[in-house]
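Next up: a single chain in structure tokens, the form predicted alone.
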Amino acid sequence: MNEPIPASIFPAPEAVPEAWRLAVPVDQRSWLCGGELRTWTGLTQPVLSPICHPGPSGAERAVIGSYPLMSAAESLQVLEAASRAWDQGRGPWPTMPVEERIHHVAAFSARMQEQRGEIVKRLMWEIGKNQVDAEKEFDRTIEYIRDTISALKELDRLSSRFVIEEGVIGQIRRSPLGVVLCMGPFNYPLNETFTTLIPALIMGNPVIFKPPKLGVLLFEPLLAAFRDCFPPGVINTIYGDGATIITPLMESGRIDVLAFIGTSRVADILRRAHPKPHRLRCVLGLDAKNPAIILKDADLDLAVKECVLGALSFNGQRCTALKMIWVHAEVCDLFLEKLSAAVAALKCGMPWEPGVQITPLPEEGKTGRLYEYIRDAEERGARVINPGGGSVQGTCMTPAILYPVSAGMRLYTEEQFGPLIPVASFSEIGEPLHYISESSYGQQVSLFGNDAKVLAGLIDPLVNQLCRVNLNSQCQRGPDSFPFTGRKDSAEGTLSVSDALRVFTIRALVAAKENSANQGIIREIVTERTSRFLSTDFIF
């Protein structure tokens, strides 16, 4: 990695290992609406892979398929289908017993596992995720579905009893909210999308699902399973330009929940388009600029290891990535030396190559935008300290460590979402603490140090600025049982296996005065099982 990336990094088509070749082109024409897989005959959008092949004028992105470019008319069709499935809360899906909904989701999970190999391959070709991480994303998603089912069983068990307070009998359960619009991000297109889509579905909400702009084709193998495993209209797909197909959905006022993972700028546009803001519930995973703070007594080898993972896993294209590193001035030189050596040891290559850690970037023009950050920082006094850092070949960029990064540089405040590592030094702990308090974002921080008293003194103020403090480890989302959220412009709503079940529902109850007549009515309803809400059934 100390040398510029060679042009030979990109293989000719015939040089791609047989096991990882994609059957191209994947020209997707199917879309799911109202329980039918319909065939699209209109305009399509070509899908360019971040993986390039040698061409006459240099590296050229491989064309691996296409997807539909739909219009507002199709958006309104899927909206009608989802609204019919909801039927003002009277549809078969929202009124279905919890145990039956669980069976539907479990059946889908089994069908999904049959497509593991193909989905992993498409993750590699569509967004450049290496084989190991692509497999982890798929397997983690399956595990998330299993854990969601288990969490719902537990939640329903707790709700399957009556309470009596102040002479009132009541049963409290969670009820679905209505039509949910799910939009996931390109960096974890399968996992992050399903962390909203699956809990929304299993809790009884019909869903309209728009795949991310990058990472569309990997969902195509799942369309038939969605159709077969859920009642008509419960899950619907829409494809195309967001301004064209999403704006009409929001402007209709008939979207009850917006589940969106992306930028705060786009989230604000979507929210403002809805004419009934008090009706709309938003579940948002947005921007972040997570810092690391390296104290002078930190284990520098451990800190470097965790910072490399935190800053450069999937090329730094994660909201949880470490995007600003603060190092105590007394150890900064040694830290930078060790960090540069660790970055130099990373392997850059194609996603299927064993041990590869730096892969091609999927966003169009991404390397150019990242270079603008480098140039801006250099013009204001920073420099790239690792040899070859920031070199570009096609869609690949060598990670660049920039130091010293300071106020006024774009990298100081803007989320780079790529393989750039800004580093600043500090003499007083108030400097990074002030940086965090003034930041527009408030997701996580990583603290590296060994003095328990010093760390304790930092934890207390930081938990009131951020939502997760990581001790001697990188920022991350998992485990999925832990809450995942953020303050300020970083998030709205909390996601975890159990939190997601709550965020897509509202507490509802049936209550009656405790007298013999009401007791008889409730007893008859429960005994005869004439209500799906008022029930003492226990799910095993």
Ligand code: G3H
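These numbers were taken from a predicted model, which means no experiment stands behind them. Residue numbers here begin at 1 and follow the sequence given.
There is another form of the same protein, the form predicted in complex with the named molecule; it is not shown, and what comes next is about it.
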Subject >> Output flag, Thr320, Gly478 and Phe484 jointly within 4.5 Å of the named molecule in the predicted complex, heavy atom basis >> reply: yes
**OP:** Flag Tyr188 as yes or no: does it have a non-hydrogen atom within 4.5 angstroms of any non-hydrogen atom of the named molecule in the predicted complex?
**Re:** yes
**OP:** Mark Asp287 yes when one of its heavy atoms lies within 4.5 Å of a heavy atom of the named molecule in the predicted complex, and no otherwise.
**Re:** no
Subject >> 4.5 Å heavy atom contact, Glu192 and the named molecule in the predicted complex >> reply: yes
Original post:
Is His104 a contact residue for the named molecule in the predicted complex, using a 4.5 Å heavy atom cut-off?
Top reply: no
Original post:
Since exactly one of Arg281, Arg271, Arg173, Arg140 fits, which has a heavy atom within 4.5 Å of the named molecule in the predicted complex?
Top reply: Arg140
**OP:** Tell me the stretch among 22-30, 38-46, 62-70, 470-478 that has any heavy atom within 4.5 angstroms of the named molecule in the predicted complex.
**Re:** 470-478
Original post:
Heavy atom within 4.5 Å of the named molecule in the predicted complex: which residues of 68-85 qualify?
Top reply: none
